[in-house]
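In the form predicted alone, a lone chain appears below as structure tokens.
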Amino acid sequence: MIGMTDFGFKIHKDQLLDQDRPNVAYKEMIEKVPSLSLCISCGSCTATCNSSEMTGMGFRKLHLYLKTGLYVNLKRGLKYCQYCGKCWLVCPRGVNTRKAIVEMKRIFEIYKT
């Protein structure tokens, strides 16, 4: 087409996070790991995570991806966890992050898109 200019960007799928949308997977997760509802997203877990230091992917992001239904990102992030348990040790609210990650893997297999 004559007159078309390449501005260096592309239109992509809207990534608006709808916090009011009911999320069945997250509700199931809270039933399996009730302590997850205590999470205040303080970042202590991510700050101590060896994987986060190298990949930028920590428990806080995984929790956000599950909560908002971004299952593709969740799958990508789950492969980096080494199950060391440091995130669980430093959590000021006592969230069982190791069990949560195991359940996230299970839930992802059910709700994957």
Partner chain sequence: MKRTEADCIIIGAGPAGLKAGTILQSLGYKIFILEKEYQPGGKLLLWNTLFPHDESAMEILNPLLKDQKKNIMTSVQIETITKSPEEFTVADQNQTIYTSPALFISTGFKPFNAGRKEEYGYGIYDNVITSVELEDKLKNNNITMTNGKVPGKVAMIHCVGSRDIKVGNEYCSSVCCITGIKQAMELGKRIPGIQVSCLYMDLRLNGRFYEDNYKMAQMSHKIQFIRGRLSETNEDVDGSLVIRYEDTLAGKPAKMIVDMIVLLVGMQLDKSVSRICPLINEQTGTDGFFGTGKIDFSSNPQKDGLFFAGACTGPKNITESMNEASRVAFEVHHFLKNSLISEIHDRHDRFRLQNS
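Numbering follows the first chain given and starts at 1. Computed from a prediction, not measured in an experiment: that's the story for all the values here.
What comes next is about the form predicted in complex with its partner chain, which does not appear here.
Among residues of the shown chain, T68 is not one whose heavy atoms approach its partner chain to within 4.5 Å in the model of the complex. In the model of the complex, at least one heavy atom of S41 sits within 4.5 Å of a heavy atom of its partner chain.
Although the partner is absent here, A25 sits far enough away that none of its heavy atoms falls within 4.5 Å of its partner chain in the model of the complex. Its partner chain in the model of the complex is not approached by I30, whose heavy atoms all lie more than 4.5 angstroms from it. Looking at 71 to 95, the residues that come within 4.5 Å of its partner chain in the model of the complex, counting any heavy atom, are K86, W88, L89, V90, C91, P92, R93, G94.
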